[in-house]
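Take a look at this one chain, the form predicted on its own, written out in structure tokens.
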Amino acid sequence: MSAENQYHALSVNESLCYGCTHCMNVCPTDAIRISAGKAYIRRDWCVDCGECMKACTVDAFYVEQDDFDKIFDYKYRVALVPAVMIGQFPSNVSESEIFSVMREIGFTHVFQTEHTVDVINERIIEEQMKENVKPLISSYCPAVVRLIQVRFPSLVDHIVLVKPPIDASALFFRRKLQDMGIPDNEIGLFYVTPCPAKIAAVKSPVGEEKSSVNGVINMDFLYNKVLLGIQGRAGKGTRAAGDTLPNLSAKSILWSLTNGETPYVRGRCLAIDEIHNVIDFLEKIENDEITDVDFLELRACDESCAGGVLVVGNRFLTVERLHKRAQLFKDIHGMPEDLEPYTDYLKKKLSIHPVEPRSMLALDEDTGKAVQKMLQVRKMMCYLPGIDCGACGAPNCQSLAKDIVQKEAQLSNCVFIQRMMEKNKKLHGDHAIRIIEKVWGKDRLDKDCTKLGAKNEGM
């Protein structure tokens, strides 16, 4: 799938954004620019990690989701629920109560996605045994997979070509319902997502043509909906337990957290979370500074899925709850009985196609032109100050140089170059102001005591 056709879950509400640059400065792929005083996302570089959303001081970034009523387009409505959803609720709320309320609000079935991790684990070990590439990199986190595509394209061959639990569980449950005689067009599978990257992975999957999942529901939305139902029951004195579903094993409960995968694969394995830590480590791998690691579990969010931007609860409390739950179910092993007959089917279906690079470093599809443009970038850097102040609307001087070469910006966008041009009478002061206004908005330099941090903030 081309970068232009890839779905992205993150968007900017321009009515809220005031161009503060917090998002631009934290973006791990330099995908954000400021124009006319508003942030905008370069879709070809974005990996949907959500760092911009976390950094935004005015909640201008939002994550699009499918309309909840879409579930009612299907007769059989399956909620695929990750373990971190359960970790949002206090310990006095049981799984069965949560799932019971989910049925009340419209789902006919609920399935916890981590039930399939044993099958996935076996396939990963098989890949380890036949691959000569080291280290193999987990395909669990879609933000990391896309990060490698755009920023570390030389490492795409290191990604384990095995589907994550969301896809494995969708394959299983769809096949299970089909074997019960239910037509495929009556089956709707909806994943409860803790992050925007998983939305993008469903809408435009990497390594396969189409996802088995029909839609996504943001975890913060569903959590609030379920919590309201639980509180309503409590107010009526009817906190019924609901139907009991198979419990996850301790291994399955912890799979989505940091160090969830590493204890169960071969060789020297390391777990790294938070996307900037991941980038630092991948740079070492790319530069051959680290060569004796067999497997890398890389997660974009701090504390992995517990730290997703669509997770309501504090990530550390979520991790604590899930570890306590894992301890409670430490004697449970394996998978549910109804899943066991499908293990061979799943093993055959879990492979994905090789991941294609789509390097953000490539300035042109033609190699010769790309080399020439890179030389032009280096030439531009001779003139730019290297201060990386962001006043040009790009996150750093290197990004501005690339934008100039791609004819998306001009050298005069740099405020320091402007001053030198004015000094040498090559740029009129009025023209310099117009350049600034083009990036930051026409009234940005006017006195405004109501802006964030000013004495009359919010008035």
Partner chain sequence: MLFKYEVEGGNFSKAGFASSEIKKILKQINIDAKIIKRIVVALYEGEVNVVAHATRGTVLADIDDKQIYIRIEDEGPGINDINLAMKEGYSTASEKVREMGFGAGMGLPNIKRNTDWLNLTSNVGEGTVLEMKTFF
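Residue numbers count along the first chain shown, from 1. Throughout, rigid core stands for the largest set of C-alpha atoms superposing within 1.5 Å between the two forms. What you see is a predicted model; the values in this text were computed from it and never measured.
Beyond what is shown, the protein has a form predicted in complex with its partner chain; the following relates to that form.
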{"query": "Listed residue (Glu365, Glu337, Asp292, Asp331) with a non-hydrogen atom within 4.5 angstroms of its partner chain in the model of the complex", "finding": "Glu365"}
{"query": "Option touching its partner chain, based on a heavy atom within 4.5 Å in the model of the complex, out of Leu361, Met381, Leu228, Ile125", "finding": "Leu361"}
{"query": "4.5 Å heavy atom contact, Arg151 to its partner chain in the model of the complex", "finding": "yes"}
{"query": "Contact of Glu286 with its partner chain in the model of the complex (heavy atom, 4.5 Å)", "finding": "yes"}
{"query": "4.5 Å heavy atom contact, Met180 and its partner chain in the model of the complex", "finding": "no"}
{"query": "Exercise: Lys402 in contact with its partner chain in the model of the complex, heavy atom 4.5 Å", "finding": "yes"}
{"query": "Region of this chain that lies against its partner chain in the model of the complex, out of 108-116, 323-331, 367-375, 87-95 [heavy atom, 4.5 Å]", "finding": "367-375"}
{"query": "After fitting the core, Ala362 CA displacement of 2 Å or more between the shown form and the other one", "finding": "yes"}
{"query": "Core-aligned C-alpha movement of Met381 between the shown form and the other one reaching 2 Å", "finding": "yes"}
